[in-house]
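Okay, here we've got a single chain as structure tokens, the form predicted alone, with questions on binding and movement later.
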């Protein structure tokens, strides 16, 4: 596997059933990067981050397996990308602790997750409060050049850059500064209710939905009876076809919400069906995920360990 290309790092938490928002917001771009071949991609299952949400061992294992299968069914090739589990690389948490020692609490209180928890009077866990440092470690550990993120996740990159700069000032030049990569037209994938598609909002369309489920979900999309065009339907439809392709359909069926939802059902099923078939094919072999993660974990550890030795020397513990 090539190692001289700039590094692209991406991670998704295994916290629920993957949905089309995950695909269009992140996975699709990763497959395109793989095809172009401009970067060496490190694709991480962020299971330590997921511990803030999933605290059942069986669920964690099942969700991790499902996410790896999702990556592969969507087109990621473990022979071309490093597909690994965060917890298989101990350097992530070691580097996060080192970053903790140069980071102040007021700085971390700027994080969106902490501010959101405070606003809702939630009891914020240390893991939630501290997650920006673990995320900075995730990114900086691989000398990452590019990180694909949604528009609402830009702060993650800002934290990583700030941390790299502070470490470099304190201990000497060690880390490169990563850049975010945002695809503007799918920066926020809309859900069934018009909000961002998210498991926490219960407004998703699972990526491997059956035809029956697709029908039920699309028919439940919230529409505004005061508009000629159902905007929430159209917003999802734009993920599958260009605005030019949709223009005649939506003009011909102005005000006919049922017909437009039925058209979306057909296009969604045509898109999902081959992914669904590939997913079930991969899932039929129980060794598939284990073998991929074993190989990917070894490659990620090798690269991470080189960086950690440099960090240990910089701070004086090696």
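Not measured: the values here are computed from a predicted model. Numbering follows the first chain given and starts at 1.
Although it is not shown, the form predicted together with a small molecule is what the next lines describe.
Residue-level contacts in the predicted complex: of 63, 43, 46, 268, one residue has a heavy atom within 4.5 Å of the small molecule, and it is 46. Taking 208, 167, 131, 142 one by one, only a single residue has any non-hydrogen atom within 4.5 Å of the small molecule in the predicted complex, and it is 131. Within 4.5 Å of the small molecule in the predicted complex, a heavy atom is found for none of 178, 303 and 311.
None of the heavy atoms of residue 194 is located within 4.5 Å of the small molecule in the predicted complex.
Using a 4.5 angstroms limit between non-hydrogen atoms, residue 85 is distant from the small molecule in the predicted complex. In the predicted complex, the small molecule lies farther than 4.5 Å from every heavy atom of residue 117. Of the heavy atoms in residue 108, none are within 4.5 Å of the small molecule in the predicted complex. Here the chain stands by itself, but in the predicted complex one stretch of 122-130, 213-221, 153-161, 228-236, 153-161, has heavy atoms within 4.5 Å of the small molecule.
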